[in-house]
Ligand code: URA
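The chain below stands alone and is given in structure tokens; this is the form predicted alone.
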Amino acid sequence: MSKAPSLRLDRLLSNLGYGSRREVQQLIWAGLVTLDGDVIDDSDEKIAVTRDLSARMKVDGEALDPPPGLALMMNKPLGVTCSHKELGPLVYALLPERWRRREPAISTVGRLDKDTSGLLLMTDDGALLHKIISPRSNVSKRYDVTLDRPLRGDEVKLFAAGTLMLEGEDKPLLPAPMEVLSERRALVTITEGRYHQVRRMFAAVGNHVTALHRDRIGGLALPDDLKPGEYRLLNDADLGNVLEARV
């Protein structure tokens, strides 16, 4: 088992967004940081950054924010974007203010566009992020699709064939299983992440997506009790489910 990395206490707290190095030193010198119930008043003390650190350390009487390696799921509401570069409301504003100052920064694992809701993963672990989005991992994403017009009847066979071409592209899509729920609603599962892929798939068969909601990534489903805009930290079992291919 690899040894947990260690950081100076003031750097750890600064990286977690508690303030500048000088500001967190003031917290430490004031006796407001404890580990296993004991006050730590030396800002230079090396702290092993373990997964259970937030259960062992307190800052001003409150449990430490999750250490690096944080991963969460969010029920992304409509109207917010996953990009730092676009105007308007961002998903990051739905997180605690301190979390938005963390280093490394929390990033979305892939994106959902402004008009798509549902399951969104976020993490500060770059290796985990790239593992999930890598085509080699074959992580599936399932979407609940509402359509403008009734299905014509051949979409299930066409999407599963692995021959559908999107406009402006020269490589066919991988097979995408589809379950019909009603004449204007279906569940579609993809393993690729092409630009606006699901919307363009239905455009290719003469239809228009009026609502798009992601409800599953790999074997991880969006909980029914997680309301739009809410988030929940993921544990190792959850992450194992994410990397479980379901196609």
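Everything numeric here is computed off the predicted structure, so don't read it as measured data. Numbering starts at 1 and runs along the sequence shown.
There is also a form predicted together with the named molecule; it is not shown, and the following applies to it.
Although the partner is absent from this view, L32 stays clear of the named molecule in the predicted complex, with no non-hydrogen atom inside 4.5 angstroms. Using a 4.5 Å cutoff between non-hydrogen atoms, R184 does not count as a contact of the named molecule in the predicted complex.
Remark: L212 counts among the residues lining the named molecule in the predicted complex, judged by a heavy atom distance of 4.5 Å or less. Though the partner is left out of this view, L112 does reach within 4.5 Å of the named molecule in the predicted complex, counting heavy atoms only. Taking K46, R51, H208, H196 one by one, only a single residue has any non-hydrogen atom within 4.5 Å of the named molecule in the predicted complex, and it is H196.
In terms of contact with the named molecule in the predicted complex, the residue from T123, T81, T116, S140 that brings a heavy atom within 4.5 Å is T116.
Of the candidate stretches 61-69, 174-182, 218-226, 197-205, only 197-205 has residues with heavy atoms within 4.5 Å of the named molecule in the predicted complex.
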